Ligand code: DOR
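Read the single chain below, which is given as C-alpha cells and is the form predicted on its own.
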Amino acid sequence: MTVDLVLKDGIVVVRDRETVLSVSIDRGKIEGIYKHGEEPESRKIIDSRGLYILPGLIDMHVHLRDLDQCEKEDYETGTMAAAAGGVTTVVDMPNSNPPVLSRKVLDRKIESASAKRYVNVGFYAGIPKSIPIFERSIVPNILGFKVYPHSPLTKGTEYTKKRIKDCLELAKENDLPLLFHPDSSKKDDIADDQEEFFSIHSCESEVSSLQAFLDAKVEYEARMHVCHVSCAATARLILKHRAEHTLTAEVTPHHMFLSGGDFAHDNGVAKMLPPLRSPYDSKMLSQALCQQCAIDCVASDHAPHKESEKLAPFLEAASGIPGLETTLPLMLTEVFEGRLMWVDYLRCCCSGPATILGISNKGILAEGYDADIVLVRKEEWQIKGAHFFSRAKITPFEGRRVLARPITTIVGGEIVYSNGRFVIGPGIAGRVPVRKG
C-alpha cells in the first residue's frame, strides 16, 4: 500500500510521554502511526526529526469579521493567521456585521469562507428577538448558539429569566450548546473613566450573569458553555455546578497569563471584554484548567480591530485582541517549562473543544481521525505583532518570550503552511461549514 504522506521520525506524545514515531496520512485521514522503519511506502515524506507532531488546535471562539467588516479581518487573513498559528479548525462568532440571525446571512458567510479559507471553518448563530421566527433550516450548518446578555444582537432584547429559559429550550430542542458571554452590564452603561469601566465589567458582574444562567438551567438540562471565564470566583461557581455534559467553560491565554496591572491602559492595546483581572485571578484560572478541570478548554477570542481603534485613548478604543497566532506558542511554553502536562494541553486545546462541539474525528492524533496536524519546533523566540498574518497587528503579548514555533500545518491531509509561507491557495484545504457528527 502507498499512502499520500508520511511525517517521518517526529516526536509524538503517547500516554503523556514523548516518543519518536512516524505518522502516515492517506485520503485526508491519519492512516497509522508507526515505529521507525515500519512506515508504509508514500508519495511524499516530510523529515520530522526534532519536530513535535501534534493535533492541530481547535479554536472554538473566534471573530473573523468578513462581510461588512473586511477592513478589520476577512476569512482569508483570519484563516491564514489560524494556519500560521497551528490552528486547523476555527468556529466563527455570530456578532458580525450583519449578525448571523438568518439563513441569508449564514449563507453569505459560508460562501465567503468557502472561497477564502485555509483551514476548517464552523459557525455559530445568534437567536432572534422573537424565537418562533428562528429559521431551523440553519441548524445542520451551525455548531451552537451564542448570546450576549450585555450587548444583544437584536435591539430591545433583554435577558430576563424567561428569555434565558427560552434560549436554553431552543438549544436543547436542537441538541446544540448555548454559549454565552457572562456580563450583567447593560448596553447603555457608558463609563466616564477607567475606574468606572472596570467597575461596570467587574467580576461581580461576571458571576451574577453566570448565576442567572445557572438558575434558568435548572428547568432545562440543555448544554451551556461559559465563554472566556476571567475571574477566580466564576471558576469556583462553575466547579460547584460541574457537569461535563451540560456545563462547560473556556479560558483565554490572555486571562491566564496577563494581569490588568501589567498595563498603563493609556490606549486599547490591552483592552478587552472581559477585562484583564488580578494576578490572583490569573493564577486561579490556570489551576481551574489544569488541576481542578473546572474549565474544559482554551480559546483565543481572536477579535481583530484596526490599528487606529486600538491606539485610541482607552475609553474610546475597541475591545479585543488577535490571538490565533499566539495561543499555541503560549500554551506549549507552559508545557516545555513544566507548568502544564501534555495530557492537559491536548485536552484543552484539541480534544476538549471537539467534544464540546460534537465534531467527531478531530482533535486527536490517532488512526482514522482527520489529518489536521501541526509540526512544532521547540525554539525560543519573541512574539512580534508585525509578523502576524492577521490584519490585526497589535498584541499585549508583544515581545513576550515563547518556546514553541509552528513549522508546518496540515489540514485534511493538505500541506497548507510550511516554514513561514503558504504552499497552497485559498479555498482548497479544510471544510466549510464544519458540521456535527
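Position 1 is the first residue in the sequence shown; the rest follow in order. These numbers were taken from a predicted model, which means no experiment stands behind them.
We do not show the form predicted in complex with this ligand, though everything after this point is about it.
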item: Heavy atom within 4.5 Å of this ligand in the predicted complex - residue from 200, 335, 284, 273; value: 273
item: This ligand: the contacting residue among 225, 228, 117, 109 in the predicted complex [heavy atom, 4.5 Å]; value: 228
item: Check all three, 65, 95 and 303, heavy atom within 4.5 Å of this ligand in the predicted complex; value: yes
item: Heavy atom of residue 174 within 4.5 Å of this ligand in the predicted complex; value: no
item: 4.5 Å heavy atom contact, residue 152 and this ligand in the predicted complex; value: no
item: Heavy atom of residue 351 within 4.5 Å of this ligand in the predicted complex; value: no
item: Contact flag, residue 253 vs this ligand in the predicted complex, heavy atom cut 4.5 Å; value: no
item: This ligand in the predicted complex: contacting segment from 315-323, 358-366, 206-214, 84-92, heavy atom within 4.5 Å; value: 315-323
item: Any residue of 161-190 that, in the predicted complex, places a heavy atom within 4.5 Å of this ligand; value: 181
